[in-house]
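Take a look at this one chain, the form predicted on its own, written out in structure tokens.
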């Protein structure tokens, strides 16, 4: 299926590794021009070199996405280099585990800034360009633990991921008249080199076999590329009547009916 993304301009945060990098690769494979953001210089440079060697027009910006002007800097770069912005994918994120009673205001503030406010700030920055052209796609990478309980130690993570899904739904309603679609993608347990699941599989292979058998009916961890391909589809006009949706990519791991 041709997604008709050739020549589209995509801004992707958290793009130097894991799911974010896979999203950049998938969009590049469909012919998109890219502006990528990440905190790590070496990994981002390597990602840009790799994609550039395949003929993709790509620009990398090293920055902390939680800085107040990050969204404006990314939007300005995309407009400077390509003249328009068609797709924004917020993939940056993190976690700070701990029982609720042991968490601090600083813990909450750090993850709220990273998992929620950074995505909303950057979305606001790309909106003027999308509104002017009366089209655009905004996507946030959330989690199945934004759709249902993730268990002990995840009060901050669960809250921020749920909030992002909720915000995206209201954004989709408000921005529909501008031709802008807003969706979220909720991965389950995804394994990629250097990920927490990858590290656990290496340190406790038998325990992870038991985890998969008990929790993932499709019988394996997910791949970053499997999340990325859903993002590419939702970014395209092939998904032109999908907005306000939260799409789980989880091998039937989640239990939510909605």
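For clarity, every value in this text was computed on a predicted model and none was experimentally measured. Numbering follows the first chain given and starts at 1.
Below, we turn to the form predicted in complex with a small molecule, even though it does not appear here.
Please state whether all three residues 17, 40 and 63 have a non-hydrogen atom within 4.5 angstroms of the small molecule in the model of the complex.
Result yes, every residue of the spot touches the small molecule.
Can you check whether residue 92 is within 4.5 Å of the small molecule in the model of the complex, heavy atom basis?
Within the cut-off, so yes.
Is residue 183 close to the small molecule in the model of the complex, meaning a heavy atom pair under 4.5 Å apart or at it?
Close contact is absent here: in the model of the complex, residue 183 is far from the small molecule, nothing within 4.5 Å, heavy atoms only.
Using 4.5 Å between non-hydrogen atoms, is residue 114 touching the small molecule in the model of the complex?
Yes, contact at 4.5 Å.
Even though the partner isn't displayed, in the model of the complex is residue 143 close enough to the small molecule, meaning a heavy atom within 4.5 Å?
Residue 143: contacts the small molecule in the model of the complex.
Where, among 192-200, 27-35, 207-215, 229-237, do residues come within 4.5 Å of the small molecule in the model of the complex by heavy atom distance?
Result for this chain: 192-200.
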